[in-house]
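Shown below, as structure tokens, is a lone chain in the form predicted on its own; questions about how it binds or moves come after it.
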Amino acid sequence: MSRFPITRLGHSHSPEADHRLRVENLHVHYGAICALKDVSFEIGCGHCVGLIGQNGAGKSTLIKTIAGLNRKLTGSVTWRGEALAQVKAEVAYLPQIDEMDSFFPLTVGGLVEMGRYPHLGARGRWRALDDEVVAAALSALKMEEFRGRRLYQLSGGQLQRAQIARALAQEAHILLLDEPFAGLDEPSQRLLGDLLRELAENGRLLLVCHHDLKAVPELFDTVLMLNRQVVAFGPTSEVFTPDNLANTFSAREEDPHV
């Protein structure tokens, strides 16, 4: 039985719709340092993808680039055939907890309401529909009782659920999560794992930076293994192998100008 009533905020589109994320020949540099080199992959709705790699392998760079936060790149990233700038409301980036300013005087309700901003139109008018969507997102994540609570009053697991509620209120199709399990206790990790799987089963696409290798087969149906370049990409049961892990976590050749 579903632990979260995600279907109340369904991911609906016609079966023939081309809801696919395509990353083609992506290069990202920070000054002279090559962070990602010739990264290409393609994935559709309904998957929970684990991004696996050592520190500095390009995992966070990749999801930030898909989120539109990196401008200095070559190659392309498209969603359902359109450039990211044209569909940015359909992509939600959830940063690491320690990157959030939890002491900013923002409530859970205020955070989730931010998910509606891309839908308010040129005049920015808040509508009854927006209230309904926010309420449904809070309910789906079982966060109604926390609506008036400040972010700094939440546990790590509650804060992650609040972030995901914002993404649901945004009606995002793609959720990009940077180490969402970091700092969570074991019960919160299990709860979050159930939630991510349910979101994928409901038709959303999730890309998740993750470092706990033991949990990968349980959490992700697909893995993208990075070492600045794509080492392996595909179903977890097929590509999450000792050989691919060895190549993923091997020392990288220093080639900063590529």
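Residue positions are given as counts along the sequence shown, with the first one as 1. Predicted, not measured: the structure shown is a model, and the values here were computed from it.
As for the form predicted in complex with a small molecule, it is not shown, yet the points below apply to it.
Between 194 to 202, 41 to 49, 217 to 225, 59 to 67, the stretch whose residues reach within 4.5 angstroms of the small molecule in the predicted bound form through a non-hydrogen atom is 59 to 67. Although the partner is absent here, His211 sits close enough that one of its heavy atoms falls within 4.5 Å of the small molecule in the predicted bound form. Residue contact check for Ser139: none of its heavy atoms lie within 4.5 Å of the small molecule in the predicted bound form. The shortest heavy atom separation between Leu26 and the small molecule in the predicted bound form exceeds 4.5 Å. With a 4.5 Å cutoff on heavy atoms, Leu207 does not count as touching the small molecule in the predicted bound form; it lies far away.
For the three marked residues, Val231, Phe233 and Ser250, no heavy atom of any sits within 4.5 Å of the small molecule in the predicted bound form. Residue Gln96 is the only one of Thr78, Thr107, Gln96, Gln158 with a heavy atom lying within 4.5 Å of the small molecule in the predicted bound form.
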